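Quick heads-up: it's one chain on its own, the form predicted alone, in structure tokens.
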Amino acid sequence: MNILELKSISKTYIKSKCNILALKSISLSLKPKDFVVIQGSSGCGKTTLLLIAGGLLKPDSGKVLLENRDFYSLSAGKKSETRGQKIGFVFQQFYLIPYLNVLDNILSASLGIKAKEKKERALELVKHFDLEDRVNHFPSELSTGERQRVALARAVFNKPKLILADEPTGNLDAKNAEIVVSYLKEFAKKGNAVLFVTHSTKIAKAFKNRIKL
């Protein structure tokens, strides 16, 4: 069974009476262990595709199937619940909560988990992402690479089946970029899937499953 399937997705933005075609009849599918890279320059529709895949932006036409369920046929509440349980998001800008420390930023993703299990899960991720010395630090006290690792830990907290990564290495140096890609590869190998957006030709060429927009 596919984890994610996009069928003939199209999206046009209307700005100042001008139609901007962002996506035209894009189709792709991700099954367990897939790592698919979407590569292209700024403005080519990469982020639009990711938002549509995550149930955050309705396409003009086409279907988004998450584990064979039509994502956009769900009610707003059910769609939000499904997204929280099944999808993890990782962004270039991290979007950490500035007044929460590392542990609480990770815990902010918790959904329907008992209090004791939440803490155990968060501490497990702190160790996995090598953040034990930073657990009580705030985002402003972290390096760029550490902030992205916190964002990754938050993204996988609920044990999603799919990660949607929007330029997650865009603000990182080569070493930290390699670390992030390595973590995401590990996530996919465990039977999950990753849809990874990048403008970097170098990163895209390292993967067999890549789509150029």
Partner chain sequence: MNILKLVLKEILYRKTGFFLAFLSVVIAVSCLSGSFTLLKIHDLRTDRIIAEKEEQTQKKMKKLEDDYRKIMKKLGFNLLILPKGQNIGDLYSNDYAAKYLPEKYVETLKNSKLMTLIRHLVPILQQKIKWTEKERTIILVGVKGEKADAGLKEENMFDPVTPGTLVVGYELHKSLGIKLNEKVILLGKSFTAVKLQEERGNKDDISIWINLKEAQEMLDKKGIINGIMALECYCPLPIIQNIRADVEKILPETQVIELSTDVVTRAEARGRAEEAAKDAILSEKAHRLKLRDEMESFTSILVPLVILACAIWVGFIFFSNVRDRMFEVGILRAMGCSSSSIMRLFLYKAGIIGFIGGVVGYFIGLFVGTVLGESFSSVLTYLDLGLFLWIVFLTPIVSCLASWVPSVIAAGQDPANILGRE
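Numbering follows the first chain given and starts at 1. Please read all numbers here as calculations on a predicted model, not as lab measurements.
Keep in mind that the form predicted in complex with its partner chain is not shown, yet the notes after this line are about it.
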So which of Thr47, Ser29, Asn171, Asn176 reaches within 4.5 angstroms of its partner chain in the model of the complex, heavy atom to heavy atom?
Thr47
Options 141-149, 33-41, 179-187, 56-64; stretch whose heavy atom lies within 4.5 Å of its partner chain in the model of the complex:
56-64
With the partner left out of view, is Arg134 within 4.5 angstroms of its partner chain in the model of the complex by any non-hydrogen atom?
no
At 4.5 Å between heavy atoms, is Arg83 in contact with its partner chain in the model of the complex?
yes
Please determine whether Ser108 contacts its partner chain in the model of the complex, using a 4.5 Å cut-off between heavy atoms.
yes
Its partner chain contact in the model of the complex: Phe129, any heavy atom under 4.5 Å
no
With its partner chain taken in the model of the complex, which residues across 120-158 come within 4.5 angstroms through any non-hydrogen atom?
Arg154
